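There is one chain below, alone, in structure tokens, taken in the form predicted alone.
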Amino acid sequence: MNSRPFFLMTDPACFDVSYRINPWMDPKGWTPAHAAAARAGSAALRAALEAAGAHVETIGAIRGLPDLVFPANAAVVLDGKVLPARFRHPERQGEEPIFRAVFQRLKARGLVSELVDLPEGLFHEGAGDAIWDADRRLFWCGHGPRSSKGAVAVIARTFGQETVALELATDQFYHLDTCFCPLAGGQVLYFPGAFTPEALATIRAQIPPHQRIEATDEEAAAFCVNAVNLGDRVIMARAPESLRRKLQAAGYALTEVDLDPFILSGGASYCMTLRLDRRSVPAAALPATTLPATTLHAAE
């Protein structure tokens, strides 16, 4: 695997808001201007990732699958092992064979090593509900609106890593990545209002106060918790000044991208990416390789 951070993104050519499966989505509010802005926003996010040192490969668009632009939901990936998602809503289930074909091609290239299937009867929506915390060496696992609680044990068994289950309390924050973001150095940005009292108690028991950065209602609604973190760099949707101050005071540098069209569908920078190079051991202990630039066609 490449020593650089390695992300998948999706061409936004077929992105729109044409159905409603979360409270953010309003098909009546979608316009052609949003489609043009989405293309610009996706390109700006890719540029920000590459400027931060990442390698990005792009999945081709598929008409009728607008949420293909959110590959974070496609799988959990660690140590080259891939656990593909099973989506709860029929509107997204058509993405499953598309992403499986992409992962098979990545396996053929030696960029992932194994695909493992979820047991029947369980839903799990990928890295959106299983977020790897490299500092604590564990998965934070959301469940409730989209992912089954029973999938948490499957993640622990599949990857051989500790998991911490967190129940989400609202349909508005339907994936863990909309409200919880581990940051390099052990800090965690999170929105308390998204969690059940039991989950909130778990977070506060696991993470000491000096490492907790709490997002306000405004900051969470701006989808800034749905961020990509690379070292001291946090790449996110446009942030309220209050959050800029909090993150800068904690030692992080921000790159803000206009992702408003994607927020209309309930996603932002983390949702729009799937990281493939995460390892359960420090990257410095692994040999470095290089990757050619490639476009991964969604259908071949």
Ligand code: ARG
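If you're wondering where the values come from, they're calculated on a predicted model, not measured in any experiment. Quick note: we count residues from 1 along the sequence shown, nothing fancier.
One more form of this protein should be noted, the form predicted in complex with the named molecule, which is absent from this view; the next part is about it.
With the named molecule left out of view, the stretch that reaches within 4.5 Å of it through heavy atoms in the model of the complex is, among 30 to 38, 63 to 71, 50 to 58, 237 to 245, 63 to 71. The closest heavy atom approach of Ile21 to the named molecule in the model of the complex falls within 4.5 Å. Remark: Cys14 does not count among the residues lining the named molecule in the model of the complex, judged by a heavy atom distance of 4.5 Å or less.
Although the partner is absent from this view, Thr178 contacts the named molecule in the model of the complex, with a non-hydrogen atom inside 4.5 angstroms. Residue contact with the named molecule in the model of the complex: Asn226 places a heavy atom within 4.5 Å of it. Taking a 4.5 Å heavy atom cutoff to the named molecule in the model of the complex, the one contacting residue in 90 to 116 is Arg92.
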